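Here you get one chain, nothing else, as structure tokens; it is the form predicted on its own.
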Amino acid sequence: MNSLTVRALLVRGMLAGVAAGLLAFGLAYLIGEPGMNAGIAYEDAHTHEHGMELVSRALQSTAGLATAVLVFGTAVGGITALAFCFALGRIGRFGARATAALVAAGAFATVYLVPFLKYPANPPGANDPATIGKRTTLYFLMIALTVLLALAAVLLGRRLAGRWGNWNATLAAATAFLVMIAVAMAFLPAVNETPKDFPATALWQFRLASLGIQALLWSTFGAVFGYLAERVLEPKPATDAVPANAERTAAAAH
């Protein structure tokens, strides 16, 4: 794949990320903000230190949220487009759309879903602010481990495919990945700081909203980018239609 094609796919990946980010913002505003507001209300009711609000809550939940989601969508769109360029033709005989869907699903699982199972998202007030550094480090460590183990599983599957066949090699690689993820989750420390009186409904609504927003973002990206990538890599052949007057002229000449 030449550099011009990679550049074209990178640009289209970022555009697909913007489109996915727009949809994710709409869903985040509709179903994510109630859980966020409930967490803020709990936090305000249980703290006596109220600093000056530099940015209003209304601005945070609209322009601030939109900016964050769009920047995130653009960034992951570009990075995932580069991953698509590497994966195309290396993970099977799949076309552009199928490869984009597989890469997007793999990215969603490794970058968000698996780390989420160990360290789920929490609204404000559900964690101790003093441990934010520790929790952030553990979360990114879980992401790094998941990505590395996923890459190792892909390499293992490719190595075993020649001897065991694609189906058996895929099952073996997936099993090895799940076992190593389980070991990593068992050894990494847990974070259980949610107060006992924190509203359980608000907590689970926030977590489900977070999961749904990410699922929408990645699925939308996979669909949009797959379409755009297909137009770059598999352009439709141009049809040279003969004008009607030219046909008539040729017929008259004979």
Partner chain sequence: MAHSAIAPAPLSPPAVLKLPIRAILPWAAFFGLLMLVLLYFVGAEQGATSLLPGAGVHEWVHDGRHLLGFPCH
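Residue numbers count along the first chain shown, from 1. Here the structure is a predicted model, which means the values were calculated and not measured.
Another form, the form predicted together with the partner chain, is not on view; read the next lines as being about it.
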Within 4.5 Å, heavy atoms only: does Arg159 come near the partner chain in the model of the complex?
no
Is Leu9 close enough to touch the partner chain in the model of the complex, meaning at least one heavy atom pair within 4.5 Å?
yes
Contact with the partner chain in the model of the complex for Thr136, defined as at least one heavy atom pair within 4.5 Å: yes or no?
yes
Give a yes or no for Ile132: in the model of the complex, does one of its heavy atoms lie within 4.5 Å of a heavy atom belonging to the partner chain?
yes
The partner chain isn't shown here, but in the model of the complex, which of 144 to 152, 176 to 184, 159 to 167, 70 to 78 has heavy atoms within 4.5 Å of it?
70 to 78
The partner chain: the contacting residue among Ala41, Leu59, Leu216, Leu188 in the model of the complex [heavy atom, 4.5 Å]:
Leu59
Establish, in the model of the complex, whether Leu102, Leu171 and Thr194 all lie within 4.5 Å of the partner chain, using non-hydrogen atoms for the distance.
no
Of 117 to 143, which residues get within 4.5 Å of the partner chain in the model of the complex if you count heavy atoms?
Ala121, Asn122, Pro123, Pro124, Gly125, Asn127, Pro129, Ile132, Gly133, Arg135, Thr136, Tyr139, Phe140
